[in-house]
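Read the single chain below, which is given as structure tokens and is the form predicted on its own.
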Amino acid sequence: MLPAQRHRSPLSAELAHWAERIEAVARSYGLSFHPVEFELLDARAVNGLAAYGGFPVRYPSWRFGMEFERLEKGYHWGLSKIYELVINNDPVVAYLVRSNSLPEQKLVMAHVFGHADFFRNNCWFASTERRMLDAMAQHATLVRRRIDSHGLDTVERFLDLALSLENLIDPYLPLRRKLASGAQVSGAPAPAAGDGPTFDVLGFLCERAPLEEWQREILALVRDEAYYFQPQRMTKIMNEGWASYWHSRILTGGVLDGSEIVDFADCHSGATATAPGRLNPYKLGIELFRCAERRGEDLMRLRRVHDDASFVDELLDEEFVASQKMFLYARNPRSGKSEVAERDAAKVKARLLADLSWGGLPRIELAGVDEGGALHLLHHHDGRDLQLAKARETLARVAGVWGGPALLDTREDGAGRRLRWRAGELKVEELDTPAAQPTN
């Protein structure tokens, strides 16, 4: 049982009053969202929910337990604190930490309504499952039934294998399919012509790998959940920036009284503080929206049509980089300290866009199956080399699901490399021609 399942309670009359008032103010500004349901939990319970991706009913995995321990240690040592947790669902479900002060609760509720608006209106969320609480409960039931049938160790081993491959998806596939079906998605980019390369490696394995039926079911549910969470990874800067922009505007527009301004400023500045060399999505996002506002941009349109990469590409310029002191840092080998290595705005922007492209994931194409039955993967190199140790582990796990050899073409220091996994052994070969460059 999760900690969150034991310590829930509805809002007090005072908090319920403020939730209604803040919602009314949010709607008066033009925000639109599915109904929002708030619940109070203690900090340990919120950490428990966060470790499970925000869902109170989910299948068991040691990965979730490890994440819970990390969050708990961070909280007790004062290194991190979760003020709220909000789930993209209909209705939207948001959990408030019971120990928050009233000004903090007001800020969090206003922040939640910003997230709720973003979930409903951003085009990349158009195809997400809006009844994900129910879907997660169904997934948990399925896993427990397979545990009853095949044993805990057997199912857990395969589930862990499946979860280790959850990043091998195509971030743009759900929206592309929705548009191809003729559905109207406001602000969405036009679908690409033709079939193009296949990047949904996990989907291919679900269909073609020689799996038992229960294994195919588990791989499919892991894939479904990966596609549910992917838009949140693609819009972290925008989503947090949008919520921060609106909590600031709503609260300073009359919701806070004079005695709460200092507490609000302290909480807000803590959330948007940025250390040198580190990207804070709250800070970068809110400053980009404020920049857009100063330029007379339509903020509602921006939050509807962009993901992080296209948002940064449209708004970030030399003036913004200078004003926000956005530099590239590197470790000085003599002093051991992190120091500014690059101030050029174009290079700063290029690095940020590289980090954000393809939803922050390596771009791995399924090139096909060769004559020997090996699954052939191709890394589209974007200037950043793969970490070969992690690539080796991933390739071994792909081969484990595929039930045969697997190979991956990539580049390292400009030279072509082929990683080949066969019969439990990895071989690294040089390629005569480099692996693929990024394609548009």
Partner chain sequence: MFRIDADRARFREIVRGRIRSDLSKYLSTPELIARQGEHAVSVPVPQIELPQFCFGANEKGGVGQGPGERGEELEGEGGGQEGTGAAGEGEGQHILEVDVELDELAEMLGRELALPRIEPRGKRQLVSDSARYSDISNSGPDSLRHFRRSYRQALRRTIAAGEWDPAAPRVAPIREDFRYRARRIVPAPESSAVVIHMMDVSGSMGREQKEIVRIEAFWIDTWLRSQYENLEVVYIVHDASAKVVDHDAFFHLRESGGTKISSAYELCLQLIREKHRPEDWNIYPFHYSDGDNWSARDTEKCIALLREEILPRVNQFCYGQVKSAYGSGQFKKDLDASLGGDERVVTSSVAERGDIHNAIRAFLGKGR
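Numbering follows the first chain given and starts at 1. Just so it is clear, the model here is predicted, and its values are computed rather than measured.
If you look for the form predicted together with the partner chain, you will not find it shown, but the lines that follow are about it.
This chain lacks the partner; the member of 175, 312, 168, 238 within 4.5 angstroms of the partner chain in the predicted bound form by a non-hydrogen atom is 168. When the partner chain is considered in the predicted bound form, only one residue from 180, 346, 262, 340 comes within 4.5 Å through any heavy atom, namely 340. For the partner chain in the predicted bound form, the listed stretch (359-367, 111-119, 92-100, 293-301) containing residues with heavy atoms inside 4.5 Å is 359-367. Contact annotation for residue 63: at least one heavy atom lies within 4.5 Å of the partner chain in the predicted bound form.
Within 4.5 Å of any heavy atom of the partner chain in the predicted bound form lies no heavy atom of residue 248. None of the heavy atoms of residue 36 is located within 4.5 Å of the partner chain in the predicted bound form. Residue contact check for residue 373: none of its heavy atoms lie within 4.5 Å of the partner chain in the predicted bound form.
Highlighted residues 56, 336 and 390: every one comes within 4.5 Å of the partner chain in the predicted bound form, counting any heavy atom. Contacts of stretch 36-54 with the partner chain in the predicted bound form, defined by any heavy atom lying within 4.5 Å, are made by 44, 45, 48, 51, 52, listed in sequence order.
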